[in-house]
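Shown next as structure tokens: one chain only, the form predicted alone.
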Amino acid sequence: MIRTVLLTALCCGLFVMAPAQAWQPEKPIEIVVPTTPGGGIDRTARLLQKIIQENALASVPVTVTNKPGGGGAVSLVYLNQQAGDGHVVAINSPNLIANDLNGRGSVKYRDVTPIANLFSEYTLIAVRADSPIKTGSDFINQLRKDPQSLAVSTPTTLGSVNHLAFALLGKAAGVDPRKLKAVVMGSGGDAVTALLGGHIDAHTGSMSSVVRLVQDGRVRVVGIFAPKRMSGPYAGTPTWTEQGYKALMDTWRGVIGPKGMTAAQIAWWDGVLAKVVTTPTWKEALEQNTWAANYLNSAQTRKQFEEEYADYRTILGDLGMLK
């Protein structure tokens, strides 16, 4: 009799499958930063923290934790110690892919959970306003004379996206990338401090890392790794392509989670971050920092990782840094 009732109910559509249980954070959310405070990655984390809290997008507190070291390797180890925990995420950059290829660290890019790409910004090379290097041509000519004569910051490790940009430019100019004097810094903020203090000759980093110093006239940008001329404070700065050197480098910022996150946890973050990037505060930050809107959800970010893995493999091969 029971079997007959069940069959009748199924045939008549009386039973509806219950939706998967939605996930909600039950304890404080932690956003991990792979650099020291003050750089572009750190500012991204604190902006996310502010928007999530001010717009009540989460019912729990949001904290930011800095875990610098190894070009992001330390933060990745820490992140994956929280396997399956949707309360802990990290801000990431192309270093995630580069570190996988050059063998730095034990956590590979496929060992984490892609959550989102938030925005993109192009890399640049900047000097102090009083530097004898006035133009991109001055910079290139000095490297051609002696690749070791210019100490150039490349946060946050050898093989980072900043190092890759510097190497690309050297190769485009006919300079052996392996002979360039790349100086590792803990963050973009550390690099800019060293530049202003005269401890290095130039800085390779994100547009946001020096935008206010450009506006104040304390720093001069000699070239940007963008496909076309940028606007705002950089409207007068030529791209390296304009100057005759085919060198493009996009420094994106994204969010990753630990391995083993559930579909429900990923869906919660997809929903929250899709709201974050529509807020006036976020849009204002994009304009102020010269960030390019480029939001990708979890599935799209996973595809991006696969495509850039192939691109970075070529550059790191030129540097002799493939493992």
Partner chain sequence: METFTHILNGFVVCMQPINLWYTFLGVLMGTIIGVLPGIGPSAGIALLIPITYGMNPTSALIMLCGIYYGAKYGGSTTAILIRTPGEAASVMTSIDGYEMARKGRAGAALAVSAIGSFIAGTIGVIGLTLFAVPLASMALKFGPAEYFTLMLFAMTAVSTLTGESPAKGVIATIFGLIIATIGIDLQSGQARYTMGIPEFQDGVGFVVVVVGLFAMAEVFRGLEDIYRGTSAEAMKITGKLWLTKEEWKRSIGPIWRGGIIGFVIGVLPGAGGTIASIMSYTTEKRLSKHPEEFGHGAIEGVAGPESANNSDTAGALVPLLTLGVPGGGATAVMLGAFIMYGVQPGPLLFQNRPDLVWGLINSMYVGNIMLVILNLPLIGLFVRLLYIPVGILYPLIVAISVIGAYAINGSTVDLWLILGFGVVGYIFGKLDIPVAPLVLSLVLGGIMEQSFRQAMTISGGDLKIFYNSGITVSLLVMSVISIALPFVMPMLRKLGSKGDES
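Residue numbers count along the first chain shown, from 1. As the structure is a prediction and not an experimental result, all values here were calculated from the model.
Heads up, the form predicted in complex with the partner chain isn't pictured, but that's what we're talking about next.
In summary, the region of this chain contacting the partner chain in the predicted bound form, judged by heavy atoms within 4.5 Å and restricted to 235-243, 248-256, 99-107, 136-144, corresponds to 99-107.
Heavy atoms of residue 156 reach within 4.5 Å of the partner chain in the predicted bound form, making it an interface residue. Within 4.5 Å of some heavy atom of the partner chain in the predicted bound form lies at least one heavy atom of residue 189. In the predicted bound form, the partner chain stays beyond 4.5 Å of every heavy atom belonging to residue 131. Taking non-hydrogen atoms only, residue 288 approaches the partner chain to within 4.5 angstroms in the predicted bound form. This chain is drawn without the partner chain; in the predicted bound form, the residue among 196, 230, 83, 175 with a heavy atom within 4.5 Å of it is 196.
Residue 181 is the only one of 171, 220, 87, 181 with a heavy atom lying within 4.5 Å of the partner chain in the predicted bound form. Site residues 67, 74 and 213 are all in contact with the partner chain in the predicted bound form, judged by any heavy atom within 4.5 Å. Although the partner chain is not shown here, in the predicted bound form the stretch 256-283 places no heavy atom of any residue within 4.5 Å of it.
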